[in-house]
Ligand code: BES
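The chain below stands alone, shown as structure tokens; this is the form predicted on its own.
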Amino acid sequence: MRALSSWRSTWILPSGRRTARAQAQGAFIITPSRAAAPPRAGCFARRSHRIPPILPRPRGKTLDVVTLRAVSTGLAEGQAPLKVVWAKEGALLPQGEALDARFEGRLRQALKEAGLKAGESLLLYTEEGPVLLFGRGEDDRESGGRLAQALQRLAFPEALVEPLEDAYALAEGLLLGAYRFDRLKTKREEKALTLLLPGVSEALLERARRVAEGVYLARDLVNEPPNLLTPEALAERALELRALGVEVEVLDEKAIAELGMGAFLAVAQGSENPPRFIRLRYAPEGAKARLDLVGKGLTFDSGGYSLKPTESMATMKSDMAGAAAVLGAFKAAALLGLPVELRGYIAACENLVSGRAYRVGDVLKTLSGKTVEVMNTDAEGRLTLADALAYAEREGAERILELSTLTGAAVVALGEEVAALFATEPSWGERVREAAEKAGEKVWPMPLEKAYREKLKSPVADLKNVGDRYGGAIAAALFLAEFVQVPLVHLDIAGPAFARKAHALGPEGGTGFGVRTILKVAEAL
């Protein structure tokens, strides 16, 4: 493979032409032969594609929906159209107590009568102006998110918010809770909100903003409808990261075939929208360590011939949430200037039904050389990831963190708020678990039970892509582990990647789960 140090941002098209967007970005064309590929798998014939028109650049609501500002004055002395006072179990915090002393205890009396619970609020009008009593929960990040949502429902353009002990969690929660995605609506509410935070540093607020920008990107990508966020469109969004110094290379289906990614191409071949393989590298001068990231990039999954029912297909635009988390983490890492080298790999495609779609019973040759018998075309993500993981190892990965919305079994086991963590090396798994805990993202270690490897035995190939109905999340993790030798952590984020209803840190839709964990992992290396 060509040395990564020679990377430039690249856009490769089967027709040898640049798209208008790519040309405007200064991307250039390379031919697949320059990929220095291993022998081609020879499993698939190439087909020509009509290149769809370039779509308008997708955008959700950016951070201008809420602005955080540090101020030196406290709650009692500060001036703002609204003051926010925290309350928990009938008690006020110190700055709230100082303000209440000026009101001769009327805040505490109102709190006693209202009996506020976490997330509930009471708006009071005093001689010094409006005061909002707000119920604080156990988690300061979630409390901040719920407060931001409550303030967005009010008409105040600015509020002075009483500080909490964990000032960073509060700031991050305020930013994440304020997110909304409404760019496709004909009527949008353009109401900005400024929040003043006493006693916090500008550096702390700037870090929270940069992390939130990465999460916002991941959420925007997941929330885009699949007719707009095709594999090519996802690749274009990745190319935008070059403005931050991230090196990006995009391979088309011919280059993918010459690499020998037979499993990835098999999943992609049923769609008119061609696949794209995306490589990213963030390498600041003096980087102290390296972390390789792999994200599942199914921009839509119908299940293929193992067709999903309509209700299961309704959220399958989110089947690229792993890729979105990787891209969001790259953006935030570049904005933060993390002193860690990141490399990322995304196999982006759609899994659709057509006369060209792959079938149950097909045998595919993967990039690793191993063969896989397809027993369920709806177990497609692990096929694309098999080639992406093998590619990452070829590129010299020392350790890999992979994120994917991989199995419904993980959701059955852990619900919709907790990701399943599988690790081929316990110490690497524990480092990721600790990072997720610090980031405020919920993961739970799961066993990589080797006895279940028997479920993946095939009479005609090296292995099958599914086992039986039991232990499905474990079998999927064992399948991925077949394609790498270096330490691997697989995060099955099928539950927490997409919220079916509004929650403390955001609305219904993509959550950006994994971005904050990746950043904490990178910082701890």
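All values reported here derive from a predicted model rather than from experimental measurement. The first residue of the sequence shown is number 1, and the count goes up from there.
Below: the form predicted together with the named molecule, not depicted.
Asker: Taking heavy atoms only, is V65 within 4.5 angstroms of the named molecule in the model of the complex?
Answerer: Contact with the named molecule, no.
Asker: Counting only non-hydrogen atoms and a 4.5 angstroms cut-off, does L82 reach the named molecule in the model of the complex?
Answerer: L82 lies outside the contact set for the named molecule.
Asker: Using a 4.5 Å heavy atom cut-off, state whether E247 contacts the named molecule in the model of the complex.
Answerer: Contact check for E247: no, nothing within 4.5 Å of the named molecule in the model of the complex.
Asker: Determine whether any heavy atom of L133 comes within 4.5 Å of a heavy atom of the named molecule in the model of the complex, and answer yes or no.
Answerer: Result no; L133 lies far from the named molecule in the model of the complex.
Asker: Which pick from D140, E236, E441, D378 sits with a heavy atom within 4.5 Å of the named molecule in the model of the complex?
Answerer: Of the listed residues, the single hit is D378.
Asker: So which of D387, E224, E253, D319 reaches within 4.5 angstroms of the named molecule in the model of the complex, heavy atom to heavy atom?
Answerer: That would be D319.
Asker: Where does the named molecule sit in the model of the complex: which of 88 to 96, 403 to 411, 272 to 280, 432 to 440, heavy atoms within 4.5 Å?
Answerer: Only one stretch qualifies here: 403 to 411.
Asker: What residues, if any, in 482 to 504 have a non-hydrogen atom within 4.5 angstroms of the named molecule in the model of the complex?
Answerer: Counting only heavy atoms within 4.5 Å of the named molecule in the model of the complex, the single contacting residue of 482 to 504 is A494.
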